[in-house]
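Form predicted alone, single chain, as structure tokens, below.
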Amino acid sequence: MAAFSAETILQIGQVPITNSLLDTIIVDALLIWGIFSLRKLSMVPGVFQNIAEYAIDGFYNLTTNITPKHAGKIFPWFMSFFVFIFLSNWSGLIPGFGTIGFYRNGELVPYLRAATSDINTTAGLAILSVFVTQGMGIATVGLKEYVSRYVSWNPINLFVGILEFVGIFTSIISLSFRLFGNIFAGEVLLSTISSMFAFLLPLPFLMLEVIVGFVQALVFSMLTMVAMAIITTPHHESSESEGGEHK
């Protein structure tokens, strides 16, 4: 049974190195390798370049369909969140993750576990998402327009603004716990099924977690992208677009 919190593998001074942190380092190394590999594009692309170009083109078109004006700003964040979370989710499905380790106090401590099955990782991603979104809003529409979203002389607009301001902090909770809950639950499910049935029966659950890993990465990055699209659109532009739709 997977532990709720990430387990410490070793201690460097006062810094604990957990099994989820080791997975984060591995995923980061893969991302860095992928970035440097894509800098050397070939006229006759291989399998990796074909997949990367197809994914980048598809996700960029998705971004431009939602926010054509600010796609250049939003897309790098959208794609970065998706790729990191996607690789982290799927890394936990590799044989050996969560099962190979050492025993401490009679319990197995795995050397590696999916980074996104650690609430610290998902909370960090959620905090980064929210603060970058707010910073992008201020930089794009200006401080005055940004503040006007939350402060108004109109009592109704003020009440809505307060709700939106509170929503900034509640979105951190929802983003982090949604991702953590789905990945951690899948990890527990797979470890439980695998301990009971070693062959064939875990395969359908493994395929389910493959889909869940992709979907959860897409949900987190899409919510971030939509929030960025909203915060970078001034109130008068959104009102005009709504009025045009009603007409």
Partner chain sequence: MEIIKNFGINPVLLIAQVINFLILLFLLKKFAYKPVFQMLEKRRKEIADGLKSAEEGKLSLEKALEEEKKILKKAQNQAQQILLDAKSQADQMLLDAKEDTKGQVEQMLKDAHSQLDKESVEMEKRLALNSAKLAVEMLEKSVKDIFSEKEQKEAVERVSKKLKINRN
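Since the model is a prediction, treat every value here as computed from it, not as a measurement. Residue numbers count along the first chain shown, from 1.
Just so you know, the form predicted together with the partner chain exists too; it's not on screen, but the next bit is about it.
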Quick one: of G167, G161, G101, G124, which gets a non-hydrogen atom within 4.5 angstroms of the partner chain in the predicted bound form?
-> G124
Work out which of M196, L201, M207, I35 lies within 4.5 Å of the partner chain in the predicted bound form, going by heavy atoms.
-> I35
Does the partner chain get within 4.5 angstroms of any non-hydrogen atom of N65 in the predicted bound form?
-> no
Heavy atom to heavy atom, is I119 within 4.5 Å of the partner chain in the predicted bound form?
-> yes
Would you please decide whether T24 lies within 4.5 angstroms of the partner chain in the predicted bound form, comparing each non-hydrogen atom pair?
-> yes
F97: touches the partner chain in the predicted bound form, heavy atom cutoff 4.5 angstroms = no
Determine which one of 89 to 97, 143 to 151, 102 to 110, 72 to 80 lies within 4.5 Å of the partner chain in the predicted bound form, judging by heavy atom distances; exactly one does.
-> 72 to 80
